[in-house]
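The chain below stands alone and is given as structure tokens, in the form predicted alone.
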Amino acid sequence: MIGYLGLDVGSVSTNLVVIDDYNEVLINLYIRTRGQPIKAVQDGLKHVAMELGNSITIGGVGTTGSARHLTSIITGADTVKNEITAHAMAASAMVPGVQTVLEIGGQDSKIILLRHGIVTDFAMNTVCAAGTGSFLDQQASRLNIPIEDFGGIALKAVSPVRIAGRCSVFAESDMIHKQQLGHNLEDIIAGLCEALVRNYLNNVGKGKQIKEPVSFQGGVAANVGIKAAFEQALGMKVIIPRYFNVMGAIGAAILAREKVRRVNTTNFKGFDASEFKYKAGSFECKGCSNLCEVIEIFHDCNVIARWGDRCGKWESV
């Protein structure tokens, strides 16, 4: 049996999936990156190799996420695509007729509009934490509540309080003020969920024509309180796909499968890549006023890849 491997490597999580020819997910893995993307990818490859055994052969590999170029070097990827393309591809495959993708991860968020299966518009937030999962993590820690219980508690609210959500710092101050006024925990937590959704729609969703079906993806989709807040704010049903937290990796795997079908070969280095010794470094190019930071990847003391320069001077190893 042939499988296709997708990897989505970001600052918070590293996700790996293996799909078949019919988009069935055979393996899915969600692990923490912990600031070590090379180690996370290699640990993930070891885990996938153990689960697959000899029953499935990898016929193609795709990478996405902020560390997609690094991951492609480690694995020998057939496709390297940005998160917008990967999430849109996965949503189209998993949510028939999808027209809007809401994606919220730990450190960033994005909205993608599709019409007739084609991406027509998108926006990303990579600056403000108030519209991302880290916002909820911070407040859950402040309230001494496991983040896994956050959504369930929010659904018990009778009268959610309005919390200023435009900035995570102001939101925390406002939340403390509401506690001091005597509001109960359920109403405060529901207010935090509504604040995140309000921030998201007023920033990444501003000016966007959101149409059904709406797919909610990313790790924050596990929070039922956020789903309810979105449905209330939008006045429409929000769909959470079964594999909502690894959709980027699914999209990367689908893109890899399409590429391999065209070229009839794969660049996958095999699961032995999990044992290779890689090292990342960087230097500042002083060839012009751009002063580009050039990333280097070493394998056994040899430079095997460089990227980051605007002119392409260093890209050929």
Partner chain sequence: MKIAFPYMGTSHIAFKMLIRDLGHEPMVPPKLSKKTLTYGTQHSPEFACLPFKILLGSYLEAIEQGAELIITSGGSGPCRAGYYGVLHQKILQDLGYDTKIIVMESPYRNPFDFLGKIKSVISCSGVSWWTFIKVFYKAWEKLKLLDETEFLSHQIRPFECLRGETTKVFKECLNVIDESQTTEQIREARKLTQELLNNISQDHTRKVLKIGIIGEIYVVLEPFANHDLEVTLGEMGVLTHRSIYLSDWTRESTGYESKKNIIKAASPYINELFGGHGIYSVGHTVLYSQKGFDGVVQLAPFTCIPEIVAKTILAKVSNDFAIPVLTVFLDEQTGKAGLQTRLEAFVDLLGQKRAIQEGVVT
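Numbering follows the first chain given and starts at 1. Small disclaimer: the values here were computed from a predicted structure and weren't measured. Each form is matched to the other, and the largest set of C-alpha atoms that superpose within 1.5 Å is called the rigid core.
Form predicted together with the partner chain: not shown, discussed below.
Candidate site formed by T57, E103 and F271: none of these residues places a non-hydrogen atom within 4.5 angstroms of the partner chain in the predicted bound form. Residues of just one listed stretch (263-271, 47-55, 285-293, 23-31) have heavy atoms within 4.5 Å of the partner chain in the predicted bound form: 285-293. Only one of the listed residues (F122, F244, F230, F150) places a non-hydrogen atom within 4.5 angstroms of the partner chain in the predicted bound form, and that residue is F122.
Though the partner chain is absent from this view, in the predicted bound form it lies within 4.5 Å of a heavy atom of just one residue from S134, S173, T85, Q179, which is T85. Taking the partner from the other structure, the partner chain in the predicted bound form has no heavy atom within 4.5 Å of any heavy atom of R198.
The partner chain is not drawn, but in the predicted bound form it has no heavy atom within 4.5 Å of K39. Proximity of V158 to the partner chain in the predicted bound form falls outside the 4.5 Å heavy atom cutoff. In the predicted bound form, R68, H69 are the residues of 54-75 with at least one heavy atom within 4.5 Å of the partner chain, listed from first to last. Superposition on the rigid core between the shown form and the other one places the CA atom of F283 2 Å or more away from its counterpart.
Comparing the forms between the shown form and the other one on their rigid core, the Cα displacement of C292 reaches 2 Å or more.
The Cα shift for D309 between the shown form and the other one, taken after rigid core superposition, is 2 angstroms or larger.
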